[in-house]
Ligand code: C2E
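In structure tokens, the next block holds one chain alone, the form predicted alone.
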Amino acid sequence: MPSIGNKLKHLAASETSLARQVRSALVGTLFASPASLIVGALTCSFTAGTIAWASGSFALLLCSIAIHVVGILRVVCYVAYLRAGEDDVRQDKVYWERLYEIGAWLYSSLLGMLAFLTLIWVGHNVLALMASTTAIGYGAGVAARNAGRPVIAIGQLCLSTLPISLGLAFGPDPLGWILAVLIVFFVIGIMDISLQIYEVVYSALSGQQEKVEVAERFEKMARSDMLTGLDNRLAMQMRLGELLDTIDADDDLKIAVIWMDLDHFKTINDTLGHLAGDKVLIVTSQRVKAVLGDRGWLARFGGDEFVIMAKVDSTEEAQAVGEEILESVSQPVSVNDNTIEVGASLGIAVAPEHGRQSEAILKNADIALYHAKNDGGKKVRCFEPFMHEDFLMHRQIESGLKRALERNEFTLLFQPIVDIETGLTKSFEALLRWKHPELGQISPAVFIPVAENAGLIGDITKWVLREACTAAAGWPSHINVSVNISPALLKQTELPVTIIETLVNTGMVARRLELEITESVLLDKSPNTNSLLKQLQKMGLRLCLDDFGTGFSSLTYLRSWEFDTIKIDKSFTRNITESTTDQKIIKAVVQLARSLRAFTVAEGIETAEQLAGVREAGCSHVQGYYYAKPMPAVEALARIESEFVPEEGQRAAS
């Protein structure tokens, strides 16, 4: 008894926590053996009919008819289950279980009633034996057959068998009473067997289901991005392949692939930490999904790269979708009381116009993305054929840069910065030049951005610093050298260490090295950048604000930083003789620099008229072809020696 009690408790607990797939499998066992159901129905119907005919009892006749009707209905129900679609059966498992349960309990009740009435009203031992053995055999059989749903099985066993005990208990024969008790014990034993079978089946199915769930979980993990819950690269490529296959079946269908990359995402991670970066990625994915709705699919390709796939009618529609996404993504994101400005670049390729294979369409979307980022970011660009050649050129330049230092392909030239009053050289700007073995001379305006994006600018700048300081260390102490520093390097904490090592190894004095930075660095307002610039100034290095006036100039950072030099961009000096506006701007900059005790350098001076104009405006120094083109270190030294006057050499460096 305690064993059955524990099993019944386990049954109750397992029924409430039964997994849907396990329940579905267990319900399926009810309809698993059509032969036993049909044979049992025929046997019971024949026995009931025989007892009703032999006894002549009207009550038993009604009971026999009911058994026939219910048996037929159960067979019809079974046929309907077989004809139902597999998906419909899965969705309506509870319905089919309840339908079977009602029929089974009704049928068992009728068999139990048949046995009870035969024992009470019919004084014929053979008929009583027929009714009792049929009911007991049916109860024992279904207890095993339906053990997968023990509530139904035990209900059938009790409803068909216990009425026999009740009929025997009402009889006058003491032997019948003993048999009634024995039948009760028999029912208890069969119940225990049925519950034992259920536990075995339940454990087997649960273990199998657990394996299936683990496999499904690992499969989902393999195809999902853990941070955002989006499809990952593998799932995206599979989905894209399926979408592209549909193009062959529908000539009017177009598939847009939009490759999105967040602008300056590394800066967010470096300044605010990876948790802030993760929050930006999650919010971005949510925003893109909200824009797409049911129009397309979103996947995280890796890092801060996302790929959007959508069915469109035209390239124009794809462009419009990209613009919607860009507008949504570009909204600020709040992270721990910090407001992060988010931008993105999007490249679009549309199949079949830009390719029918997933590799080709992704490659062309990536090429369009490259042009969007190359245009300054926060752009949506759709692939055009000419982009492919530009992209190949970019890759060729990038691969060439990786080997340029090893092959000694870089050269460093020096352009004089001249004192406008004396005409003597006061400093040189170090200018990097690169001659590609196949492409020839490449402008720094072309290869420097490539080096920055490829993460190569650090090694290149280290080389430039070493070459510039090595050359300048042999110059007189009043001649300085200036080196352009990429904004990307000012976000890296190792720059001061690199400069210190260079100064120590070359014997260069820190005060003679001037670092040229652009306004964009200061507008970034990065805490790391500000801290690094302060370190550089404490080391004694000079700071030069390059190309002043071409960016988003602000007097705020001029007040915050002590610049030694302010360079006036050549876009102002070029038309100084014709444009009164440019003249006024240059004069204003000169007055501002004087108030800040900074020198001014007018860039791009090529004619005597331009020189006269900047002289009149009050500039202290000039730089340009009028005095000299960029030259090798040997020629720079010769120029210095030709100008050198002993008393000049004794003066303090300007």
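Position 1 is the first residue in the sequence shown; the rest follow in order. None of the values given here were measured: they were computed from a predicted structure.
Below: the form predicted in complex with the ligand, not depicted.
At the 4.5 Å threshold, heavy atoms of Lys570 reach the ligand in the predicted complex. Using a 4.5 Å cutoff between non-hydrogen atoms, Pro444 counts as a contact of the ligand in the predicted complex.
Heavy atoms of Cys44 never reach within 4.5 Å of the ligand in the predicted complex, leaving it off the interface.
At a distance threshold of 4.5 angstroms between non-hydrogen atoms, Glu519 is out of contact with the ligand in the predicted complex. Residue in contact with the ligand in the predicted complex (any heavy atom within 4.5 Å), chosen from Asp270, Asp547, Glu353, Glu398: Asp547.
A heavy atom within 4.5 Å of the ligand in the predicted complex is found for exactly one of Asn575, Asn484, Ser285, Asn232: Asn484. Contact with the ligand, judged by heavy atoms within 4.5 Å in the predicted complex, is confined among 605-613, 61-69, 45-53, 592-600 to 605-613. Using a 4.5 Å cut-off on any heavy atom, the residues of 625-639 that reach the ligand in the predicted complex are, in sequence order, Tyr625, Pro630.
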